[in-house]
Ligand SMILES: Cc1cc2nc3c(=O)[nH]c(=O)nc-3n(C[C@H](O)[C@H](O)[C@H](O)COP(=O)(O)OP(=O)(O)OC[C@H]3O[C@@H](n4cnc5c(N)ncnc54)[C@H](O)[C@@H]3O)c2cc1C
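Take a look at this single chain, the form predicted on its own, given in structure tokens.
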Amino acid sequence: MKTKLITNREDLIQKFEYFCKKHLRNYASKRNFDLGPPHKNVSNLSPYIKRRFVDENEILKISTKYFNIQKIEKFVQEIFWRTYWKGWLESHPWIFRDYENEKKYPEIPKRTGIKCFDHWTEELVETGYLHNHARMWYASIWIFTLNKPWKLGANFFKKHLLDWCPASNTLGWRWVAGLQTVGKYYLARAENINFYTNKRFNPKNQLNENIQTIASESFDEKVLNPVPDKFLEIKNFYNPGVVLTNNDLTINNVFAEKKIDFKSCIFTDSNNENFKSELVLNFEKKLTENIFKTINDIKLISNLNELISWVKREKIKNLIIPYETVGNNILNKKSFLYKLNEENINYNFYIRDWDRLAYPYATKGFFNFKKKIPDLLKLNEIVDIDKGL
């Protein structure tokens, strides 16, 4: 079941161009079908967008070479879903803190006799990926049929998913459980699975399809501003240093496009990644190697002390770090920031325009957020402001 993972940017963009030519036209009608690996009816871009090995602007600008934005509305919305989840969690960080209280990581589930569930377990562990519809079914069976805690299931995904995102994973599991939208849960049904797997699976009489009660919770917290009061305005800082991390592996391009001279490094810290499967770690290592090979004079740095030494050696006075959203902390740590202050090094967690513009609209439901997508497309110059959509 193992599939070859692309870890070269040129190959990835070429593959996406092919997807646009062959499959994007039918994306809306076929995207909900889990036809099994290699899932040709969806883009498979999520592991790369998660780390911004390619970014949202780049993907949408490629897709609009082939289709008017209105013709690929569903695809555009799927790109924005991850942005929405991240923005929502930024304004509700206590939700993630509550989830993080679950420190256990379950072993690979034993075979249950539910053929589809057992297949998806195997697919996830071997490939690091599940179709989005399969993730919903899997979480529902985990919670309502197998009666397992949703947080343990979320941790199982966290360990094995190539595209694990603190926001979309946590909030997705909560949504299935009936916690994200109070009173509304997602129930896996055999008939639905049979149809959307093209009759590959039909767990008739194997699932709990009659839920009487669901979990509930109560938080007395105030919704926060999802965007920092101050954000970095790109200008010609004196001797800036740009740090690439697994939160953003192409942030350097933002500064290169402005023709700003800067030093750059890639920061990888294995101490932050002890929960990840070997498959995920190897995937990230190869992505980093590709970036390292394609950028001249970039340094590979593996710990905080080494990063401090690089900053001092290069006499960097303005350190630019990718903005770290809830659950994505790599460098936003008191001990590291204290050292920067001691060395009189200015630092700024740079938030991309894509996020800065979108997050303020993500504090409520996706329906309200969706109304803002046309404006966000214009502001990000995906579509022409004068010509409209």
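Residue numbers run from 1 along the displayed sequence. Just so we're clear, the structure is a prediction, and the values are computed from it rather than from any experiment.
Separately, the form predicted together with this ligand exists; it is not shown, and the next lines address it.
Enquirer: Any chance Trp85 has a heavy atom within 4.5 Å of this ligand in the model of the complex?
Expert: Close contact exists here: in the model of the complex, Trp85 approaches this ligand to within 4.5 Å, heavy atoms only.
Enquirer: Would Ile69 show up as a contact with this ligand in the model of the complex if we use heavy atoms at 4.5 Å?
Expert: Contact check for Ile69: no, nothing within 4.5 Å of this ligand in the model of the complex.
Enquirer: Can you work out whether Leu130 and this ligand are in contact in the model of the complex, taking contact to mean some heavy atom pair no more than 4.5 Å apart?
Expert: Contact with this ligand, yes.
Enquirer: Is Val42 part of the interface with this ligand in the model of the complex - any heavy atom within 4.5 Å?
Expert: It does: once this ligand is placed as it appears in the model of the complex, Val42 has a heavy atom within 4.5 Å of it.
Enquirer: Has each of Ser46, Asp163 and Gly172 got a heavy atom lying within 4.5 angstroms of this ligand in the model of the complex?
Expert: So, yes: the whole triplet contacts this ligand.
Enquirer: Check each of Met136, Ile114, Leu179, Ile308 and return the one that places a heavy atom within 4.5 angstroms of this ligand in the model of the complex.
Expert: Looking at the other structure, the residue within range turns out to be Met136.
Enquirer: Which residue among Phe96, Phe157, Phe255, Trp150 has a heavy atom within 4.5 angstroms of this ligand in the model of the complex?
Expert: It is Phe157.
Enquirer: Taking 4.5 angstroms as the heavy atom distance cut-off, pick the stretch from 293-301, 261-269, 77-85, 244-252 that is near this ligand in the model of the complex.
Expert: This holds for exactly one stretch, 77-85.
Enquirer: Can you list, in sequence order, the residues from 15-38 that come within 4.5 Å of this ligand in the model of the complex, counting heavy atoms only?
Expert: The stretch 15-38, when checked against this ligand in the model of the complex, contributes only Tyr27 at the 4.5 Å heavy-atom cut-off.
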